[in-house]
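Only one chain is given next, in structure tokens, and it is the form predicted on its own.
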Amino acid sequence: MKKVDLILQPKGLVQTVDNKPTLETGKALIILEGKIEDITSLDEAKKKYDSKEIIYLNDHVLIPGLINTHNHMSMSLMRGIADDIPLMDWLNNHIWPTEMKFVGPKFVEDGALLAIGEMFLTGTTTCSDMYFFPETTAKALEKAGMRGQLVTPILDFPTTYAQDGDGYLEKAEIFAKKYSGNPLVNIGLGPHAPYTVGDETFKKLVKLNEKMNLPIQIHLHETKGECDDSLKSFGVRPMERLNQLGLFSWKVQCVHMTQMNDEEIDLAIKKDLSVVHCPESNMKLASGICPVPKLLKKGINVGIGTDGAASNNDLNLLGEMKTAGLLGKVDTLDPTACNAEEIFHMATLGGAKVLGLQDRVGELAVGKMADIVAIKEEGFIDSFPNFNFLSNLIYAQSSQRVDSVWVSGKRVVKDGELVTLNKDELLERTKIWQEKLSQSS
């Protein structure tokens, strides 16, 4: 008998079958050294494997850990600080001034840990983050045990993190080299947006990435105003400008994309770009609607992101999945658009593909990392009866049903409570920051 670390015996589990998420029953997950070693029947598992631990989850369905493909985790400390305001007013007159006053390593650490706790409790095991002092966020991810892609911020104006484009790029290169090969943390480049990064900095970024070959994530085509301003200043819309500058030589992760014409959709296909859909943030800031149904029909890979809690105001990817499904339907007036299977794929394997991690996460499959969420099936009035698991997961209230979470086979949530983080400590740290920010407003 082969020695393994853990056997999970659930009521059912969701696997990818013929490219579709499918509920399977009568199977056990075998975990060894952080990976899924085997998926077989419990009887067969007992014959073949000697496990340190067997966990029976008779009322649970296991799903792959959810993947939040865009966030600004530490902005959780600014949740609700400037609501119901247009995007540029929100940034220029509220968010950026607050960041100049308060953002430093301690702010980033406390905000990141708060965000990680919220995401764990709602089923997210992997998150992409774009924010200042990413080395501090990396330590928070390692402390909590969350998997993450950190895209280092790059702008052409001073912040508490760097003074100019050269400074941001220099820090990005140092950080990427330091974390190369890290089992939990992947590094990318995060030019903030076409309206905050000039041509010369983009050219230097392209030159740097010819050497580094890192993932790139950027806010792009977020609003009509962004596209109109680009036409006035550069004579082309933002996507074409970035293409001319050579940014699309890599598989860029394009966040928001509420403004896309047919030519730009064709360009995304040609350059193998991924789109990150942030429906709730886009709705709250009245930025627009990403044409997800059209993108999916064209074969463009789409993931789901929450954006930061300052513009959402939560990091609950299960809720974001429901919003994405409903928004796709009402935008097209087609009830078949963005069906449950498509939305689930976007939040799991589609998200993994956005981050270039599809060989490691995104589905329950042999050889993949054991990033797993146990959804409790019984005892919830607002999610019962349950005729279709995926539909119920997405369209009914689901976040309270997240019972246990594992990342690389390590349990980070048990019985709905955080394991690797202290909830009371997170709340106490947050109260201190709330008082500080309140006094300055």
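In this text, all values refer to a predicted model and were calculated from it rather than measured experimentally. One-based numbering along the sequence shown.
From this point on, the text means the form predicted in complex with another copy of the chain, which you will not see here.
Of the candidate stretches 25-33, 45-53, 372-380, 61-69, only 372-380 has residues whose heavy atoms lie within 4.5 Å of another copy of the chain in the predicted bound form. In the predicted bound form, none of the heavy atoms of K20 sits within 4.5 Å of a heavy atom of another copy of the chain. In the predicted bound form, another copy of the chain lies within 4.5 Å of some heavy atom of L77. Proximity of I39 to another copy of the chain in the predicted bound form falls outside the 4.5 Å heavy atom cutoff. The closest non-hydrogen atom of Q358 lies beyond 4.5 Å of another copy of the chain in the predicted bound form. The contact residue chosen from K171, R241, H94, K329 relative to another copy of the chain in the predicted bound form is K329, the criterion being a non-hydrogen atom within 4.5 angstroms. Contact with another copy of the chain in the predicted bound form, defined as a heavy atom within 4.5 Å, holds for exactly one of I289, V236, L184, M212, namely I289.
Contact check at 4.5 Å (heavy atoms) against another copy of the chain in the predicted bound form: all three of C338, P385 and L427 pass. Contacts to another copy of the chain in the predicted bound form (heavy atom within 4.5 Å) from stretch 271-286: E280, N282, M283, K284, L285, A286.
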